[in-house]
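Below you'll find only one chain, the form predicted alone, shown as C-alpha cells.
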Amino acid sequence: MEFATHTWIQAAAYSSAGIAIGFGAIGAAIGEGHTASCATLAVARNPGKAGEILKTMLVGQAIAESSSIFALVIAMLLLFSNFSAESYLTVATVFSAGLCMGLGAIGSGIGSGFSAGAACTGIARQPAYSSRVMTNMLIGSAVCQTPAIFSLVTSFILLFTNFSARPVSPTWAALLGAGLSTGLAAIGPGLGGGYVAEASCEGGARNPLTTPSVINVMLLGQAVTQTTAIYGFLVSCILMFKSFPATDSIAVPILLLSSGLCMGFGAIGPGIGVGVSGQGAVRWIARNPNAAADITRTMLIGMATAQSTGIYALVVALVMIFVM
C-alpha cells in the first residue's frame, strides 16, 4: 500500500505529539512528586508553618511543570497545525520537533523539583528566613529550565522553517540529528542544575547569613552545568542551517545523524557530573563560609575536568559535520 506525502506528514505529526508530551510529562511529574514528599516532611517537622510550606510547594511545582507545559505547546502545534510543505523533509522536521521537546523536558522537570523540595524543608528548619529561601528556590529553579527552553527554541525552528528547498538526502538526517542533539543534551544539565540549586536552598536554610555567597556560587555552578546544553544547541543550529549537497549514499545521512547523537549523549554525563561538583561546593560553603574561596577554586577545577568529556563529544560531532 502506498501513502501520499501528506499522509506521512500527518502520521509523523501525530506520533511526534505523543512522544513530546509523553516524555515531557516524566520529568515534571517526578520533580513535583519529590517536592510534595519534601513538603510533607517539612509540615511534620514544623506544623506551624504548614501554610507557608504549602505555598512554597505549589510555587515550586508550578516551575517544575513549566517543562511539561512547553511539551504540551509543541504537542498541540503538532496536532492542529496545517503543514503545507508537501515534502518528505516535513516528516523529518515534525518528528524531530516532538522528540527534541519531549527529551528536553525530562531533566529540567526533575531538577526544578530538587530545588523546590529543599526549599520546603529549609523553611521548616528556618521559618524566620522563609523569604530568602523562597528567593533562592525561584532563582535556582528558573535556571534549571534553561535546557528545556533550548529544546523549545529548537522545536520552534524545526516547525516554522521551510526546509523543502533542500535535498531530501542527507537533510532528513541532519534535521533528526538536530532534534536529538538538543533534546538529549538537555537531560544532564537540567538534572545537574537541580543538584546545585538543591544544595543552595539547603545551605541557605542551614546558615542564612551565607545566603548571598551561596547564591553566587550556585549561579556560577549552574552556569558551568548548562555548558553542555549549549553545545547540544550549537550542534543543532549547525545541522539545521548548514546546507548539505544531495547524495545517494547512506553514509552521509548516517554521519549527520550520528553527530547529533554523539553530542546529545555526550552532554548527559558532564551535565550531571558538573552539577554534583557544584552541589558539594555550595553545601560546604554554607557550613564553612571562611573557606569559600578555596572551595570555589576547587569546584571550578573539578568542573573543568568533568566538562572535558563534553568537549570531546563536541569536537567529534563537529568533525563528523565539517571534515568527514
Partner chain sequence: MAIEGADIVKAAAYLGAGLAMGLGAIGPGVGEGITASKACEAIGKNPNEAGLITRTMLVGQAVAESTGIYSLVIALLLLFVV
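Remember, predicted model here, so these are calculated numbers, not experimental data. Positions refer to the first chain, counted from 1.
Beyond what is shown, the protein has a form predicted in complex with its partner chain; the following relates to that form.
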Exercise for review: Could you tell me which stretch in 289 to 297, 36 to 44, 23 to 31, 56 to 64 has residues with non-hydrogen atoms within 4.5 Å of its partner chain in the predicted bound form?
Suggested key: 289 to 297
Check your understanding: Though only this chain appears here, would residue 50 touch its partner chain in the predicted bound form if you measure heavy atom gaps against 4.5 Å?
Key -> no
**Study point:** is_contact(residue 86, its partner chain) in the predicted bound form, heavy atom dist at most 4.5 Å
**Key:** no
Check your understanding: Is residue 251 a contact residue for its partner chain in the predicted bound form, using a 4.5 Å heavy atom cut-off?
Key -> yes
Check your understanding: With a 4.5 Å heavy atom cut-off, would you call residue 9 a contact of its partner chain in the predicted bound form?
Key -> no
Check your understanding: Are there residues in 182 to 220 with a heavy atom within 4.5 Å of its partner chain in the predicted bound form, and which are they, in order?
Key -> none
